[in-house]
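This document opens with one chain alone, in structure tokens, the form predicted alone.
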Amino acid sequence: MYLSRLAVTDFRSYPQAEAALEPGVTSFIGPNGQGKTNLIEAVGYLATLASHRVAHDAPLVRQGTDRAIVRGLVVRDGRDTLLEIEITPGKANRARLAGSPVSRARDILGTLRTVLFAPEDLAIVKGDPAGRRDYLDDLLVARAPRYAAVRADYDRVLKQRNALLKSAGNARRAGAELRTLDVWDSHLATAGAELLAGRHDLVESLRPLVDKAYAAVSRGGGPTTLDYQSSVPPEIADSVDRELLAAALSAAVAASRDKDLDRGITLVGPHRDELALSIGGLPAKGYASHGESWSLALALRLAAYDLLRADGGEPVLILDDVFAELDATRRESLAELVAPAEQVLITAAVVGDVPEQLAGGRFDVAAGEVRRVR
């Protein structure tokens, strides 16, 4: 799988921009603030319907315009498929697949798959648990797009339950019945069990891949461990049985109800779980050095790449200004690991930041213009 053409209209800083791409390595070179990351952000949006830089769509639309359009031509098994997304803040985004409208934008998920390395990835290791949960859930969707609906269902139920908890706290003190909360508790357990089962299965698959990738990036460091810390009891923490998980989650939610009512929020469930990362038996967060944290962040992305490739359809690798953040050893190790990929897209401020092993096609990006050099 590779992207043979990218075109954007009113996306970020670009009124119009287009790039013809080929398999192998392509670098976008230019000083900071010239728009090179905007281009690979557009590629990532085609694959995930989300940006790796911002949580909302409004910043993606060029100032003074109402919408942005991103188009990409995906080549897979010798066949071309055109993707098109129209981004309109405040409204549902619209998408086309092979020229035909789809009923929901998420119906295009899976057509293009990417694995993106960026400086922000350090937060997966050193930041809050939400970043690690997002890492798992984004990878779930990349492997099986149906999990986009699972995530949406869970988020919707959680939002409704939290709204009810805020009002029900006062109702409880007034002696009002809370039968409606029972209904949302049941929905939360069912939707949450589906998400938990997917996460548990994913973590089992990732463990050996992360350890292998960490050893390769750090030249023999490790071992690493991934421990999914769930709201359900430890004896079923690794289960993928939906009914068993739903029952356990339902019991946990019921046990937490009084605290939930006092706080006005849902205190147990997949939205509160943690993916604990360790290196050499010590928690990565708080103990790992900067270099070790970078190696683990890279290992998590490399493991995701290996997993997606094993599923079929090699993803496009995107390296957004990563090499400038790495020391010489890690830079060389990463270059060796990604060089065989079918397509690698790189951004860098200067040509010297790109290792020689990854020399290939090149675009210079400056003042809103994208010019092919080789």
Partner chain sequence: MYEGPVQDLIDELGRLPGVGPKSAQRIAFFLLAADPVDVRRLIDALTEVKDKVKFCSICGNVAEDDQCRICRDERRDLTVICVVEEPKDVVAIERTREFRGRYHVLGGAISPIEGVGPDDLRIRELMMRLADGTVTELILATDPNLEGEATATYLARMVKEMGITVTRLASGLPVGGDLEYADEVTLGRAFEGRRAYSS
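Here the structure is a predicted model, which means the values were calculated and not measured. Residue numbers count along the first chain shown, from 1.
Omitted from view is the form predicted in complex with the partner chain, to which the following refers.
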Within 4.5 Å of the partner chain in the model of the complex, heavy atoms considered, which of N93, T81, S186, S256?
-> S186
Which pick from V240, A149, A252, V203 sits with a heavy atom within 4.5 Å of the partner chain in the model of the complex?
-> A149
Please determine, with the chain shown alone, which of 139-147, 120-128, 258-266, 275-283 has non-hydrogen atoms within 4.5 Å of the partner chain in the model of the complex.
-> 139-147
Is T88 close to the partner chain in the model of the complex, meaning a heavy atom pair under 4.5 Å apart or at it?
-> no
Decide whether D211 counts as a contact residue for the partner chain in the model of the complex under a heavy atom distance cut-off of 4.5 Å.
-> no
Given that the partner is absent here, does R104 sit within 4.5 Å of the partner chain in the model of the complex, heavy atoms only?
-> yes
Does the partner chain come within 4.5 Å of any heavy atom of D134 in the model of the complex?
-> no
Near the partner chain in the model of the complex, with a heavy atom at 4.5 Å or closer, the residues from 141-167 are P145, R146, A149, D153, R156, V157, K159, Q160, A163, L164
